[in-house]
Structures are given as structure tokens and as C-alpha cells.
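The chain below stands alone and is given in C-alpha cells; this is the form predicted on its own.
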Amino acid sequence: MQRNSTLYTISFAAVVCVICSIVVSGAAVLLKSRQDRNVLLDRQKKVLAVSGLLEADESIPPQEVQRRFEERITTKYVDLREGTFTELGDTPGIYDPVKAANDPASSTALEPNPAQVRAVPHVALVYEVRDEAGAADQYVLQVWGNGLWSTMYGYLALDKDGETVRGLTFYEHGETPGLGGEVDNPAWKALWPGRKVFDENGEPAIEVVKGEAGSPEEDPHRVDGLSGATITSKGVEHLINLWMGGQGYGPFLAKLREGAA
């Protein structure tokens, strides 16, 4: 076969593509366990941060992340349909509620809603955070919903009373830096602790407002909006209220407040 022929060029390109595909596929398989470990480590760091067990500017090695997590946090699973703790069963790899929500067999479809969440998983992850004496002190809930440009994925930490915010953080989003991206600003996240997610009737009541809200004691349900990012701000409001509602963690949190979870 002549090297300057069309057939040679096509054959050479095809062989290169096959070899590259084999190399990429092999690398993906070989690195899968490492990728899973990194996903788990990142999840643990975010949970530690939102629950106050890791300072925002604190850098610690993976071994310390695992030690703190195992010492103070227990991963649990909640059946959102029943509002009760449940067992996950034999599920390979790391259980991902977001993936479960995208599978009709493991999720409940929702009617159109302001958070633009199409379905919720039957089973959600909940992290139980213990105090130094070993008693349940707070619960970290995974939440998500749409902002302006993206789906925002985060964790909401609630006190053991099932209604008082201890922290809020987002671990993935594509909002505009300097505007909606300010959901990552420590100063804005510091406004959330002490807020109440339910009103006196037990209904989701968080409101992210234009301008300034009062202190948690004076204005427990409202939080300052992000300047120049009204849609993102409202997205945060909508997603929290959705997940605190009857098709989210609402039944679980009601039982938690009653001591029956």
C-alpha cells in the first residue's frame, strides 16, 4: 500500500483512533477506583465544612478528612416517601441520589415547580453529625435546583431540631462569577446559620429577599439576596423550599421534630 494513497491515510487514521480508544478506555477502567475515592473525599470535605467541622480556609490531608468524618459523622439513608431511615441494600459503588433521581425506577416524578427539579429519588443521603459526647447534633441534607445558568448542587445543615439552619454550601454550579457565583462567598453563607426553614404551621418558609434582611432572631425566615443576581437568589430560595416540602425531606424532618424519625 502506497503511503501517499487515500486508502493508506484512512487506514492509518483508523488504526490510531482504535489505539487511542483502547488507551482511553483502559485508563478509565484502571482509574475508576481512584476516581471513586476522590468523589468520596470531596463529599466528606463538603459535609465537614457545612457542619462546621472544617474551617473555610483550613487545608488538611485526606487522612485527616477521613478521620474527622468517621469520628463525628454517620452516613444514613432516608426513604423520602415514608420519611424514615432505611437501609440501602446492595448498591455497587458510591450511592448517588442525583443519579437515582434520573432513573424512573428509583425516583418520583414531580409536577412543574419553581426549582425546576423534575424528580426526587426514593432514597436520599443524610449525614448525621454527632457532638463530642456522641449524641446527634445536626443533619446534613443534599439539595439541588436551578439557578440562572445551571443546576446548583449543595448541602444544607440543620440543627437536631429539624428546622434551624446550621450551614449552607454549594459543591457544584455554573453561575456567573461575581454575580450568581457569590453563593460561594463566605460572607453570604455566614448569613444562613440561625434561620428557620419552617413557619409556625410547619410549612417551608425561606425567602431570599432583595436588599437586607434582619438578624435570624428578628427575621428568621428571610436572607439577604445576592446583589445583581436575583434569579440565582430566588433559585436558592426555591430549591430549599422544595426539598423542605412534602415531596422532599419534609416528612422526615417532621418526624425528627416529633422525635419519631
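So that there is no doubt, residue numbering starts at 1 and follows the sequence shown. Since this is a predicted model, take the numbers as computed values, not measurements.
Although not depicted, the form predicted together with a small molecule is the subject of the following passage.
Heavy atoms of Gly180 reach within 4.5 Å of the small molecule in the predicted bound form, making it an interface residue. Put simply, Pro62 is far from the small molecule in the predicted bound form: not one heavy atom of it is within 4.5 Å.
At a distance threshold of 4.5 angstroms between non-hydrogen atoms, Tyr153 is out of contact with the small molecule in the predicted bound form.
Within this chain, Gly52 is remote from the site of the small molecule in the predicted bound form, having no heavy atom within 4.5 Å. Screening 63-71, 226-234, 188-196, 212-220 for residues having heavy atoms within 4.5 Å of the small molecule in the predicted bound form returns a single hit, 226-234. Among Thr84, Asn102, Thr176, Gln116, the residue placing a heavy atom within 4.5 Å of the small molecule in the predicted bound form is Thr176. Of the listed positions (Leu125, Leu110, Val165, Leu148), a single one reaches within 4.5 angstroms of the small molecule by any non-hydrogen atom in the predicted bound form, namely Leu148.
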